[in-house]
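Read the single chain below, which is given as structure tokens and is the form predicted on its own.
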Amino acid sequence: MREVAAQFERPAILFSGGKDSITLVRLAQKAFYPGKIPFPLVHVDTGHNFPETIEFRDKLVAELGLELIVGLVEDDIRAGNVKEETGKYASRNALQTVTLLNTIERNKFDACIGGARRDEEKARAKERIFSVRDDFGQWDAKKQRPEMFDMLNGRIEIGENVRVFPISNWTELDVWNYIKEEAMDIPSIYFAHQRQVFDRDGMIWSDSEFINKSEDEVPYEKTVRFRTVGDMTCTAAVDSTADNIDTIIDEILEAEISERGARIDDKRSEAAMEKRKQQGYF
């Protein structure tokens, strides 16, 4: 965090309201204590987010007195920059890329700090901690800079920017242990709760007005929690009774599927994440 503040003029923290970006905020608090976090939070809002996540975001921003910049996918749909998907699997997740790039350009951010981790997904495992994007926001895995002896090179040309991943080497378990150690607040959807859901393709989908259901997809109530947080059209729930940090950690220790196994957007193709990253996705 301090390295970013030292090397860049206009950094920001990409904030989804999930556990990883909440961890980034706590790390930034500690890095600059007793001063305030010197970066704004940037949230790309698809308009289909879980209400619990938005509520948590606004509460955190108010408590810490942070600047919040929201990029709305809805604005890009209305402007004709992106086209809303239709059909059973319609989602705004892929549309976020255009809104993110527009938000970066509009605010002239030269560094965007994100909570991606290498253990999440194979495309993310290719990223360096300082990951350069070209002047179109695109990422090229073959043009990554060496980071020997923790030397971070933030030099960029006009128009380029850098995505920064401070917890790239952390695991999902590391994040949960840190949340426990720091006694951090997190959105309630991470804990087991009763929810209206329906089954599709072997996954548990949260019932929502944003998801196009067929007649045979009938919602029912089930005790679930969310292991990862995207928007409601791309994030599946998991069958769980873990209602506190200790039982969540126990559950992860015994889990047989990965964290991203509950992400519907990653199942569109084997290279879904890498393609999105090449286009400028977080």
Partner chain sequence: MDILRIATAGSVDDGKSTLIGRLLYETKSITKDKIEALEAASKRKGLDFTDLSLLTDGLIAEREQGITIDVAHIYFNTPQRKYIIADTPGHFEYTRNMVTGASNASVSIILIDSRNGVSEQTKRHYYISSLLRVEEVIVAVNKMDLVGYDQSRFEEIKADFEAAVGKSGFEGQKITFIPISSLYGENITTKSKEMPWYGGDSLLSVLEGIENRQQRVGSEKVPARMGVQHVIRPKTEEYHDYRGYAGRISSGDLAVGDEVVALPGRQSSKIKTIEKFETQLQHAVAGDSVAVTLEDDIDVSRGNMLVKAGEEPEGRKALSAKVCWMDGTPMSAGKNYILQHGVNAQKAKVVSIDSVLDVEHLTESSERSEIALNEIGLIQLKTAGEIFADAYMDNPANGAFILIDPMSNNTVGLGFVQ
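Residue numbers count along the first chain shown, from 1. Keep in mind that this is a model prediction, so the values were computed, not measured.
The same protein also has a form predicted in complex with its partner chain, omitted here; what follows describes it.
Enquirer: Check each of 133, 200, 193, 118 and return the one that places a heavy atom within 4.5 angstroms of its partner chain in the model of the complex.
Expert: None of the others qualify; the residue that does is 118.
Enquirer: Answer with one of 72, 152, 90, 184: the residue that has a non-hydrogen atom within 4.5 Å of its partner chain in the model of the complex.
Expert: Residue within 4.5 Å of the partner: 152.
Enquirer: Answer with yes or no whether residue 95 is in contact with its partner chain in the model of the complex, where contact means some heavy atom within 4.5 Å.
Expert: Outside the cut-off, so no.
Enquirer: With a 4.5 Å heavy atom cut-off, would you call residue 80 a contact of its partner chain in the model of the complex?
Expert: Output for residue 80 is no: heavy atoms all beyond 4.5 Å of its partner chain.
Enquirer: Contact between residue 102 and its partner chain in the model of the complex at 4.5 Å, heavy atoms?
Expert: Flag for residue 102 set to no.
Enquirer: Quick check on residue 30: any heavy atom within 4.5 Å of its partner chain in the model of the complex?
Expert: Looking in the model of the complex, residue contacts with its partner chain include residue 30, since a heavy atom lies within 4.5 Å.
Enquirer: Report whether all of 7, 169 and 174 sit within 4.5 Å of its partner chain in the model of the complex, measuring from non-hydrogen atoms.
Expert: Yes: 7, 169 and 174 each sit within 4.5 Å of its partner chain in the model of the complex.
Enquirer: Taking 4.5 angstroms as the heavy atom distance cut-off, pick the stretch from 185-193, 107-115, 122-130, 207-215 that is near its partner chain in the model of the complex.
Expert: Contact criterion met by 122-130 only.
Enquirer: Taking heavy atoms and a 4.5 Å limit, what residues of 239-258 are near its partner chain in the model of the complex?
Expert: Residues within 4.5 Å: 255, 256, 257, 258.
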